[in-house]
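Consider the single chain below, provided in structure tokens and representing the form predicted alone.
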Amino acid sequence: MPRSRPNYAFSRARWSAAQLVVLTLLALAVTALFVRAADNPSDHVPSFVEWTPETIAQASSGDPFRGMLLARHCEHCHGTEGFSDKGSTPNLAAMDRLALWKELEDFRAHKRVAFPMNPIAEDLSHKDMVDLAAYYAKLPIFYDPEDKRVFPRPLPGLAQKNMAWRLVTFGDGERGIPPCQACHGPIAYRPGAPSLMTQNSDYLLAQLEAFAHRTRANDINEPMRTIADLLTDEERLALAAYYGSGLGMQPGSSWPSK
């Protein structure tokens, strides 16, 4: 009985079908990764800002007088003297110019997402941003009857104040939480970091929660996302109340937690 010849055409068709299935599965897997990355800001590059001598020189070269003229467009939200009348809006008076410039760059690049700051930053030139940062960095923080600030808020209760004081001064080594003053300074100010001296408590709480939930992810090397996630809800609230009441301007280590 003669042996049957193999059906090479059928084998090739079956192999092509198998290849098609494999390629389809690979395509679906890649698509799923892209979708996951789009949904999770922590998978993104946190910021396009690179701190180099050239970058620092550029960000420090602003013209505060020109920035004052540009800031007329910012007053509706951030106040005439850099103090907002809404607790959910950040105060910009005396903000470190490097920190403010980075935030504007991140808004421009959509590395930090917030309406209406993204479209506003897109319309600013690089010179506009350094000039605005220079202007706000020079604004004083003492009270001005012309502004309508909501800062400071009432002092927190003793238990809440002590909870925040310990975190600001010592952190929590067992949980890997460094003291807040290590980055933001013993009086809530340090060059290169966002100033917390006169920041609104509602805004601070919203940012801590955004970092904890990874809806804000423009912190280079993820320090704020990591720390905010380790904090409890009560601790985030206590820290916002502590800084929002002006206690951050007192050296935290200078008074005991009683």
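Start at 1 and count along the sequence shown; that's the residue number. In this text the structure is predicted, and so the values were computed from the model without any measurement.
Below, we refer to the form predicted in complex with a small molecule, which is not included among the displayed structures.
Asker: For the three residues 78, 124 and 207, which mark the spot I'm curious about, does each lie within 4.5 Å of the small molecule in the predicted complex through at least one heavy atom?
Answerer: Every residue of the spot touches the small molecule in the predicted complex.
Asker: Is there a heavy atom of residue 64 lying 4.5 Å or less from a heavy atom of the small molecule in the predicted complex?
Answerer: Residue 64 lies outside the contact set for the small molecule.
Asker: Is there a non-hydrogen atom of residue 116 within 4.5 angstroms of a non-hydrogen atom of the small molecule in the predicted complex?
Answerer: Residue 116: contacts the small molecule in the predicted complex.
Asker: How about residue 74 - does it come within 4.5 Å of the small molecule in the predicted complex, if we only consider non-hydrogen atoms?
Answerer: Answer yes; at least one heavy atom of residue 74 falls within 4.5 Å of the small molecule in the predicted complex.
Asker: Taking 4.5 angstroms as the cut-off for heavy atoms, does residue 198 touch the small molecule in the predicted complex?
Answerer: Answer no; every heavy atom of residue 198 is more than 4.5 Å from the small molecule in the predicted complex.
Asker: Which residue, 230, 69, 193, 56, has a heavy atom that falls within 4.5 Å of the small molecule in the predicted complex?
Answerer: If I apply the 4.5 Å criterion carefully, the residue I get is 193.
Asker: Is the CA-CA spacing of residue 188 and residue 242 tighter or wider in the predicted complex than here, given a 3 Å or more change?
Answerer: The answer is farther, because the C-alphas of residue 188 and residue 242 separate from each other in the predicted complex by 3 Å or more.
Asker: Have a look at residue 189 and residue 81: in the predicted complex, are their Cα atoms closer together or farther apart than in this form, given the change is 3 Å or more?
Answerer: The answer is farther, because the C-alphas of residue 189 and residue 81 separate from each other in the predicted complex by 3 Å or more.
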